[in-house]
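Consider the single chain below, provided in structure tokens and representing the form predicted on its own.
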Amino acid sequence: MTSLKLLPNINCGFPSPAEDFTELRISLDEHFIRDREATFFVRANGHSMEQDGISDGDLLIVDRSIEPYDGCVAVCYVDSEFTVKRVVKKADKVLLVGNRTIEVEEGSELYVWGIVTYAVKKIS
């Protein structure tokens, strides 16, 4: 990935005329990717994860080198289907939480494929 121009921090409120325009550069892969070999991009499909800030069409950055942890948002493979959900461990149960929560029952196949680290969304 190439480096792109980066503007200084921009106030979301009133503009600050005192700040000079400064051009910096940012490498998106250096900023968003920790492990190049283990990182994948996945397009979100559906509305089940909107409470976690993931909308239909968002581009998700998924890192397969991160160990799953309680509360992580992950790409999961459960019973022969991929899904993006928040992984919650409760006592001896695993819940895949979204608009539709899936309780992973004993004997079900669950594989946490990778951890979602960023969601890139189109604004306009």
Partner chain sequence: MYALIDCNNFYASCERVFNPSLNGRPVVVLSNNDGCVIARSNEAKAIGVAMGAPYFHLKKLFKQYNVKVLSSNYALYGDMSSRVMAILARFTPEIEVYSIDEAFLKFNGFHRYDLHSYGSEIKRTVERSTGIPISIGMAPTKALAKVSNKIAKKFPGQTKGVYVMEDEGKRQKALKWLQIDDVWGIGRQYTKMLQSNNVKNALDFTNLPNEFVRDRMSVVGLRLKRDLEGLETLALEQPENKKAIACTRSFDTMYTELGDLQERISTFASVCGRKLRNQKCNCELIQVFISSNQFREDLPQYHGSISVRLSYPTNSTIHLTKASLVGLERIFRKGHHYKRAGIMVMGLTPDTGRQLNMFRPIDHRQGPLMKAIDRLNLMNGYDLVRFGGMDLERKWKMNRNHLSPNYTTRIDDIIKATS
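Positions refer to the first chain, counted from 1. Everything numeric here is computed off the predicted structure, so don't read it as measured data.
Omitted from view is the form predicted in complex with the partner chain, to which the following refers.
is_contact(residue 90, the partner chain) in the predicted bound form, heavy atom dist at most 4.5 Å: No, residue 90 stays farther than 4.5 Å from the partner chain in the predicted bound form.
is_contact(residue 45, the partner chain) in the predicted bound form, heavy atom dist at most 4.5 Å: Residue 45: contacts the partner chain in the predicted bound form.
Contact label in the predicted bound form: residue 66 to the partner chain, heavy atom within 4.5 Å: Judged by the heavy-atom cut-off of 4.5 Å, residue 66 is in contact with the partner chain in the predicted bound form.
Residue 104, heavy atom within 4.5 angstroms of the partner chain in the predicted bound form: No, residue 104 stays farther than 4.5 Å from the partner chain in the predicted bound form.
Neighbours of the partner chain in the predicted bound form among 27-50 [non-hydrogen atom within 4.5 angstroms]: Going through 27-50 in order - heavy atoms within 4.5 Å of the partner chain in the predicted bound form - the hits are 35, 36, 37, 38, 39, 40, 41, 42, 43, 44, 45, 46, 47, 48, 49.
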